[in-house]
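For reference, the chain that follows is the form predicted on its own, supplied as structure tokens.
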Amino acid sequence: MPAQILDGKAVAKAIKEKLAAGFAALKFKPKLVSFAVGVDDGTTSYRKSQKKQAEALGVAYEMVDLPESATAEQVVSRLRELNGDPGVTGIILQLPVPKHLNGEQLARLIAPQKNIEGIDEVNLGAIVMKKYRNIPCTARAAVELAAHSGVDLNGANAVVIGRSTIVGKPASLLLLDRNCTVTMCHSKSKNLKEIAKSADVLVTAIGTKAGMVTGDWIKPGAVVVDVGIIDIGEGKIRGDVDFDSASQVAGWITPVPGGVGPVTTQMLYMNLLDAAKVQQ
């Protein structure tokens, strides 16, 4: 029997309705700042989507742009100004940044309470202590989708392939907090296929080879959450998982596109709402 589809768009819609109610209940209007250095067409398209969502939720959205030629000192100075502005609730650093700058270092300069993408030592460390602040959005979306399947996660064997600070590590910790028994795999792991096949919940965040995880990697009835996004040309993307073969074995599976992506956007605003509640 083919797997049931974990429809990210449908899940995102339900989350968006909850977000709208949450923002409406606030006593002030939160402000989200999109900070960019050297804007390209891709970034502009992404920001249009962010702005549209912000307006629908009653969130103020501001674009702060510096030219591509901006020095590290100028960028750092502007970020510090935004950190100190009490009217700013959350900040997003649009990536990539020009080659003479270090995007990872810049992201860490955003004040933890305003870093709604959660990619900094304080927010990541808070997950370890089970004192959630801003949770990395893609990792949060992956676990949200796994839970949405309705499969009991208590005691489930969860396997996460990928150990990035953006997805793999935080997703593993979040699944652990859901009482899963978690195995994290990576490029040096031995017997990767056999480990994956032991998973009741399989989260893939590899992003190197489209369709790498085939149906014979999947435990019958497993929940498969594909975080991978690989450009295969002609404007098309695929995930880590070979959907056609995996969907014949899995119980639940996310498509690419239309799976984790739409939910990730909602998690960004979930973090913003949480930050606004703290500030309020």
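Residue indices: 1-based, along the sequence shown. Predicted model only: the values in this text are computed from it and were never measured.
As for the form predicted in complex with a small molecule, it is not shown, yet the points below apply to it.
- Using a 4.5 Å cutoff between non-hydrogen atoms, L26 does not count as a contact of the small molecule in the predicted complex.
- Although the partner is absent from this view, N271 stays clear of the small molecule in the predicted complex, with no non-hydrogen atom inside 4.5 angstroms.
- Among residues of the shown chain, A56 is not one whose heavy atoms approach the small molecule to within 4.5 Å in the predicted complex.
- T264 belongs to the set of residues with a heavy atom inside 4.5 Å of the small molecule in the predicted complex.
- Among V249, V33, L66, M212, the residue placing a heavy atom within 4.5 Å of the small molecule in the predicted complex is M212.
- Checked against the small molecule in the predicted complex, the residues N191, N102, T208, T71 give one hit for a heavy atom within 4.5 Å, which is T208.
- For a residue to qualify, one of its non-hydrogen atoms must sit within 4.5 Å of the small molecule in the predicted complex; all three of G162, V227 and V260 qualify.
- Contact with the small molecule in the predicted complex, judged as any non-hydrogen atom within 4.5 angstroms, is confined among 93-101, 151-159, 200-208, 108-116 to 200-208.
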